[in-house]
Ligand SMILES: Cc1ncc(COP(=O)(O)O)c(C=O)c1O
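As structure tokens, one chain now follows by itself in the form predicted alone.
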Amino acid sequence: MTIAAAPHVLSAEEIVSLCKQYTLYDWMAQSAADPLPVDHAKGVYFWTTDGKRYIDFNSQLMSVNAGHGDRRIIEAIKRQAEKLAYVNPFLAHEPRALLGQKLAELLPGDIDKVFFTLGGADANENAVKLARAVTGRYKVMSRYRSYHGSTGVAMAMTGDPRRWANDLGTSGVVRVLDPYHGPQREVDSAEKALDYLEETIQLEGPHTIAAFFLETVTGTNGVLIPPDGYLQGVRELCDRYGILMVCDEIMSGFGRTGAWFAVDHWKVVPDIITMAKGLTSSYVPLGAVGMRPRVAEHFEKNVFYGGLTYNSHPLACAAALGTIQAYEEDDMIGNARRMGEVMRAHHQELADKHPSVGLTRSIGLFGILELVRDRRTMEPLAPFNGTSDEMKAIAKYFREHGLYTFLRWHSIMTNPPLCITEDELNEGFAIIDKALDLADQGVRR
């Protein structure tokens, strides 16, 4: 009889070393990679292999909305794996049927059909295909302060510097400025931003534009919340010129803003909506493109020229159903709304105490602190697309004191899981409070 050997358990150092030796890390020169070796996670916390605990103040990639280790999601995946792990997307199965039905119930307005993808980037890629097929037009519009994914057209639609190395300028994408308040300019009104948008539409030729893509609430480019009237005005302009309105809710969807979808705050129904991340709380990869009947009807008699081997993957659909169950049973969307008010108060307290805090923004549990050297000039604490000694010191402090979140340029993200409690919020913000003493050292007195 052969006795199976016990599984080899790697040390923290071995895990990091092997990962760096044999795998490529995203968005960095590989010599800069310094990953944490993560072993397990529960709720709003995760632990490294050597036992250090971190409070996850960014829900990983703004995506583990239900928190870590939720048994309802895990059991849904296990049950499905035991019954049917995979069939190709030309077939039908129960999780696909039930998830499509449930999303039609939750999605805004009359959006009642979805095309499943693997994640957010290919949801946006397929949304472009849908829009071009339905309208017969080629161009798509997007905004400069945006991120839509790292593939093909999704990368081209991205406005921020991550696009620069990948965009050949041949994608048919036209970019516009979005409403913004920061170091570069004063706050834009909805009316001014809509005037810029309409002028660009007219200059490009409305008959050439298939769709306008926008993150309902901009994510990594600053948690930019649209001024009241903006989304309604975009809806009216798109209707006037026959352009499809596409809302990217990959980050802002599934409760992040304190509503099922961010567009719900402004009672606007886009023609197409893209989603991922919180759809499965990132337990299994899954994205989706939701569409209104007037979009879906085009494909009743016209071929949709798109497809993915893992479209409607049974494990992913089951994970999404388990995730939605967790959201509903624990009222996580309501908790995001209630804890969002607590987080807003923390933001204000930090702004009152620390001269380095120039701006704060939040909606639900979607938040950001913008750090500055001088509140009068709003000079950022780190340059555009860069860093600074102060931001590096803050990152080091967070790592040493057990807080995990994203620092981008001069900003600190505050995007914890939707299951977070008031005490856990207090714990995270206490660490941020101490770290901001380091930022204050860079303020010009």
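Start at 1 and count along the sequence shown; that's the residue number. It should be emphasised that the depicted structure is a prediction, and the values quoted were computed from it without experimental measurement.
From this point on, the text means the form predicted together with this ligand, which you will not see here.
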Partner-contacting position among R256, R143, H313, K277 - heavy atom within 4.5 Å of this ligand in the model of the complex: K277
Pick from G119, P355, G222, P95: which residue has any heavy atom within 4.5 angstroms of this ligand in the model of the complex? G119
Answer among 248-256, 70-78, 105-113, 202-210 for heavy atoms within 4.5 Å of this ligand in the model of the complex: the stretch 248-256
Answer with yes or no whether Y327 is in contact with this ligand in the model of the complex, where contact means some heavy atom within 4.5 Å. no
Even though the partner isn't displayed, in the model of the complex is Y147 close enough to this ligand, meaning a heavy atom within 4.5 Å? yes
So, in the model of the complex, is D271 in contact with this ligand at a 4.5 angstroms heavy atom limit? no
Residues in 213-227 with any heavy atom within 4.5 Å of this ligand in the model of the complex: E215
